[in-house]
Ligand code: LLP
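Encoded as structure tokens, the following chain is the form predicted on its own, with no partner shown.
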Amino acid sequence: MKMNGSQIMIGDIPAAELASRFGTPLYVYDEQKIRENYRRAVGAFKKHCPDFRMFYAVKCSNNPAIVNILRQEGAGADCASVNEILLAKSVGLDGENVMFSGNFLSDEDIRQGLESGVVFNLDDESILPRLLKFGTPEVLSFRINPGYGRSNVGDFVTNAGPNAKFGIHPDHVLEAYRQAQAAGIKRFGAHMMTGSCITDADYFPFVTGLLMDIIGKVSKELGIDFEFVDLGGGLGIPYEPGEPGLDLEAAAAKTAAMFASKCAEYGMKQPRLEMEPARYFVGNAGYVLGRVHSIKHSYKTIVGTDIGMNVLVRPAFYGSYHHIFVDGKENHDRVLLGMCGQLCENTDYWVKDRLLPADMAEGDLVVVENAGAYGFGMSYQYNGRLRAAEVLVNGSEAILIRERERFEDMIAHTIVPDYLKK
């Protein structure tokens, strides 16, 4: 996003033009920004690990156009469900270009995942006997909980440590690999959830060291040459003005050094280093555009827009901060205002006190930044408010990549018994 005088631009297109053409609420993604983010991240790690590989966590933003951009750049896909595997296959990713990292899997999940031929990343050793009932995978990874996790966006998304639902306890890891080896599996990887939105470069080598201490002992005792070690995601972006960003070059250099050091310490043949970020690629490349519909002067002044928590749930769900811009009024005097959506829920009052233009009025165009990660993918239908459209901007071109939902979509899969129609 950039400013042309007082006009907000996404790529080379005025935000007002996008809103007029496609309506609001509207998700908009800057294609060139996504590509730049990916190349920056991969380039930083490849300086130290030439065979380094990135996978894209599809759950973050699951539009096939977004997945295709990252596929073109060289990313594989990290999938949390069978349907995400099908999405990855629909854009041409399969086999070992796809990691299946679901958790608490059903038998049907396991069967379909095994039949898909992708890399299984098991979240718990208890799943292994059930997996083996359906077949033996060519390559197997276990997700390990190293006992420590961190998040810049709240305890809800601290994905490792004692309070996390993900991964195998360190004390169980050796036995998990022993059982897999006894079952005849010969190719192995290891995985962990690094953290969520981490902007401290020193955290990544620290948590990498924890993981390597666990699997280094496994490698030594069982004679396993791990093919890959996947550090998960966690590469963070700043959300608040003035918040420092991640020093990616330092994070990559220190992590690679820790990785190499631990491999040497345990006499391991150095595996391929992998990561599966998503927020870092798409977070700051996505925006939500909305209109002011009314302004209420009550106990507080509340600006009502069509950007509710059904459109962007993170502020209501996590208490997350997203910066708000108002087209044409960024240089105007400011006062403390509230902002809400149109839902019949008080949690939809997602901004209580924010310095916004004092002269905000009905019809103003609002642009919410850093909405590309866990934005549309977490949106939902409620109060009859339907999901937004999605648009991809590539320089001066804007392409609709998801149609706005209609009433017919809301009731498409419902069935009313005949006796209720009488």
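The numbering used is simple: start at 1 and walk along the sequence shown. Since the structure is predicted, the reported quantities are computational estimates derived from the model, not experimental observations.
Form predicted in complex with the ligand: not shown, discussed below.
M193 is the sole member of L122, V288, M193, L211 with a non-hydrogen atom within 4.5 Å of the ligand in the model of the complex. K59 is the sole member of K46, K59, R354, R35 with a non-hydrogen atom lying within 4.5 angstroms of the ligand in the model of the complex. With the ligand omitted here, the record of contacts in the model of the complex names 193-201 of 193-201, 173-181, 129-137, 323-331, defined by a heavy atom within 4.5 Å. Within 4.5 Å of any heavy atom of the ligand in the model of the complex lies no heavy atom of Y349. Heavy atoms of Y374 reach within 4.5 Å of the ligand in the model of the complex, making it an interface residue. Taking the partner from the other structure, the ligand in the model of the complex has no heavy atom within 4.5 Å of any heavy atom of C340.
Proximity of K262 to the ligand in the model of the complex: non-hydrogen atoms within 4.5 Å are absent; the residue sits far from the partner. Contacts of stretch 272-288 with the ligand in the model of the complex, defined by any heavy atom lying within 4.5 Å, are made by E276, P277, A278, R279, listed in sequence order.
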